[in-house]
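Take a look at this single chain in structure tokens; it is the form predicted on its own.
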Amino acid sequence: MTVKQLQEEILNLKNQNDVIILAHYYQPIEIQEIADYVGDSLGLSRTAKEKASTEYIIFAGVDFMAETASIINQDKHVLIPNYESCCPMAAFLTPEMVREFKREYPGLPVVVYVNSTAAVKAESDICCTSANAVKIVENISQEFNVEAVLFGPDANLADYAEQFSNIETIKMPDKGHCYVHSQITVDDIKTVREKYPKAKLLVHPECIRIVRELADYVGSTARMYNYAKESSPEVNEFIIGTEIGLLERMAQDFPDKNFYLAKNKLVCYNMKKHNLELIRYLLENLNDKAFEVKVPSEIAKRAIKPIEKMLNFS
């Protein structure tokens, strides 16, 4: 069976059931093509809250994204195609660590990246995404009338928020990072710039600061997408400093532009654990509990507050 035939089967099954499919930009392009909504963490959080009116939500992303959808939609069934699709960054921070930081720094608000577990979110004052981290840090520091915040689990995003908010971010922990973005080095940038001297360099805030400072634009996946989309016709070459899935999406959507990866192997292997066959299986077995992500109500009640606060600030 071809990819196209499998996609058609999935769309037919989806239309026969009360299902919405959400997919992150880092998903394989063939999954993005059959999704009802494609976006970054913030966009998909909004979609899960505002547009997921179906009984079933299939979330093609990593575990914390499906958890967020479950927190926001406690009355719905949230399914993840491969339950082994976890985020290594989220594993850097546990709820016990957050409580320890709170004891060490009493009175400081806790900002956690959405790339965190539901249990960690439940210990926080507000969540953020790469798109709104600076704004969130500014707002929560004003609300608490403090000059510093606790921020985790991504130390590079914390550094980015500190750089542009002038609010100290105490990293929870110091070395939390995304293995895809943190692997991009200055030498990688020099090499790719020499190869494509006219291209604009777009990188993610999860990159290290020295790489961010070499970029023409720093932004979330959605903002990088929009930067390329809205660029003038004469600006038609872009070096992409994030996961390859975004490059594949932009190359498909903007065929008159050229996109190059900042370095080879910018792949989130956990994001790529989903496939069309698994999505078809879910559509044929919507009540298979092995694939359902259900955040316990006692955690969801606490975790929804920082998520909703983030959405209100954004």
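Just so you know, these numbers come straight off a predicted model, no measurement behind them. In this text, residue numbers run from 1 along the sequence as written.
Although it is not shown, the form predicted in complex with a small molecule is what the next lines describe.
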Non-hydrogen atom contact Ser124 with the small molecule in the model of the complex at 4.5 angstroms: no
Partner contact for Arg212 in the model of the complex: the small molecule, 4.5 angstroms, heavy atom: no
Interface membership of Tyr26, the small molecule in the model of the complex, 4.5 Å heavy atom rule: yes
The small molecule contact at Lys171 in the model of the complex, heavy atom, 4.5 Å: no
Which of 134 to 142, 97 to 105, 217 to 225, 71 to 79 lines the interface with the small molecule in the model of the complex (heavy atom within 4.5 Å): 217 to 225
